[in-house]
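First, one chain by itself in structure tokens, the form predicted alone.
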Amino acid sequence: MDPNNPNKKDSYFQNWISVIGGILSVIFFTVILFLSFLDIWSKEINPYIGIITYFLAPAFLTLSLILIPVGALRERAARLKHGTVRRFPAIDFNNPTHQKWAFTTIGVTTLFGLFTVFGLFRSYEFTESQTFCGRVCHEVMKPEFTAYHNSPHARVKCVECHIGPGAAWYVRSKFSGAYQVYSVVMKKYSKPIETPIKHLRPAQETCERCHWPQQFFGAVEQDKQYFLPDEANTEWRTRMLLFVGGGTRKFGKKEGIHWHMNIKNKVYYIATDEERHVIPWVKIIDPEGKERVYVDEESGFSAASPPPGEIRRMDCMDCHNRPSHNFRTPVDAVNEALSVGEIDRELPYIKREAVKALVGEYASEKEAAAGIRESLKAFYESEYPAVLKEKKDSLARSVNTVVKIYKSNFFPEMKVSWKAYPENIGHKDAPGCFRCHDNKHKTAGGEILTNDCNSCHIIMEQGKPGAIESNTGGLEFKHPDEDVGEAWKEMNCFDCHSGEIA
């Protein structure tokens, strides 16, 4: 109370709690404004600016604003206790002072509401960005984020596949994300992150927004360039026709690989492992509604007695399980680098030695880079000192490429490589197609899920440059390594091709 004017009472907000709350509110509001403008005008989104601007600073601002009325209420409660104020305040809008406070309150509340709406919108945008998905949890998501930028979907936002449109899945994802944040903060996450992801949105609601099954084309030509692990890094080419399968008669027969995804067919299966690599039971329902059940004859199960577990309807993700997060095998990555000239194919045994260097045991990316350089340098110093001298620059460039391959596909801190996440497309380095098409899955009537090569593709050309065999009607596969002979016919490709045998 003012001693010079006993009728004038001090404001309830004239207390230390409210004053501190007001000062902090101004500070945090200024910080949010500054960082918001910085974020809007910045060309590259910084994940830490986003976290501070749209999560931490608003939380502290809210707490600071709460302190202001809390202090006022405490002050009023103290005065009420001493009987210096009435129990309920009297509000008179004819009173100029009350009018001033009312207009001020309405103005501040409106302004705060507008900034809150803007902040919520920017928070929503930030949580939907690739920066939030890939860089906030840097160590955990580094492998996936790196692979994503090297994928065909690098210009597709993470949320378009992982969440898709609609409020319901957005809310579900945020509840799931809350636990993931907890797992990161408390170091509860597994290394590597477990797959496949459970409760993922159906592919029909994400993948098929761009990929239209009815318009799948009938056949696709594929060229493979391979280099043998010999001194000359001998080139071997294979050109094949993949029977992708048309979605309609207009685009080819409704057969082939994408027959599984024909909208009129329904394919169900039960896997007996978490990774869905062991599939002993398959059921197919054709367009006429006829059911056929195929069971691995060695599994001990039957059509009437299926294995326990989820009956899952097959969709895109059962084969395309790494559409944007594919980690290349050392063999494939080195082959590609040799084919485009990033690794000099004239360096003796570079294919073999590069793969050998990549699959070494390293505790960190830094240790791997040093180990790869030392391994290749030591080999050429010992076996080809003249090459080391004559092709010094070429070797240095090639070694840098091998290191780059490692950094793009190996993440020892998270125990991630192609081994942790095998790809189900094909059947060379992982079971893939042969999870079902292994000549062992049969119906009660003896119908077999075949593993005949020509049911999905035919080889039109194969061989070394200058000695290419060619037949548009199809060639029998010839193994590039002559020492293998006909042995490949008695085993699965992935029994030998683990991704690390050059």
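Predicted model, so just to flag it, every value in this text is computed and none were measured. When you see a residue number, it is the position in the sequence shown, counting from 1.
The form predicted together with ligand HEC exists for this protein as well; it is not shown, and the discussion that follows is about that form.
Review point. Out of 400, 375, 123, 324, which one falls within 4.5 Å of ligand HEC in the predicted bound form, going by heavy atoms?
Key: Among 400, 375, 123, 324, a heavy atom within 4.5 Å of ligand HEC in the predicted bound form occurs only for 324.
Check your understanding: So which of 295, 261, 337, 347 gets a non-hydrogen atom within 4.5 Å of ligand HEC in the predicted bound form?
Key -> By the 4.5 Å heavy-atom cutoff, the listed residue in contact is 261.
Review point. Is residue 195 close enough to ligand HEC in the predicted bound form to count, meaning some heavy atom within 4.5 Å?
Key: Yes.
Exercise for review: May I ask you to check whether residue 17 falls inside a 4.5 Å heavy atom distance of ligand HEC in the predicted bound form?
Suggested key: Contact with ligand HEC, no.
Point to revise | Proximity of residue 477 to ligand HEC in the predicted bound form, heavy atoms at 4.5 Å | key: Residue-level check for residue 477: yes, a contact with ligand HEC.
Exercise for review: Answer for residue 256 alone: is it within 4.5 Å of ligand HEC in the predicted bound form, judged on heavy atom distances?
Suggested key: Flag for residue 256 set to yes.
Check your understanding: Okay, which stretch from 298-306, 142-150, 67-75, 391-399 lines ligand HEC in the predicted bound form, with non-hydrogen atoms inside 4.5 Å?
Key -> Of the stretches listed, the one contacting the partner is 142-150.
Point to revise | in the predicted bound form: members of 204-221 within 4.5 Å of ligand HEC, any heavy atom | key: Result: 206, 207, 208, 210, 211, 213, 216, 220.
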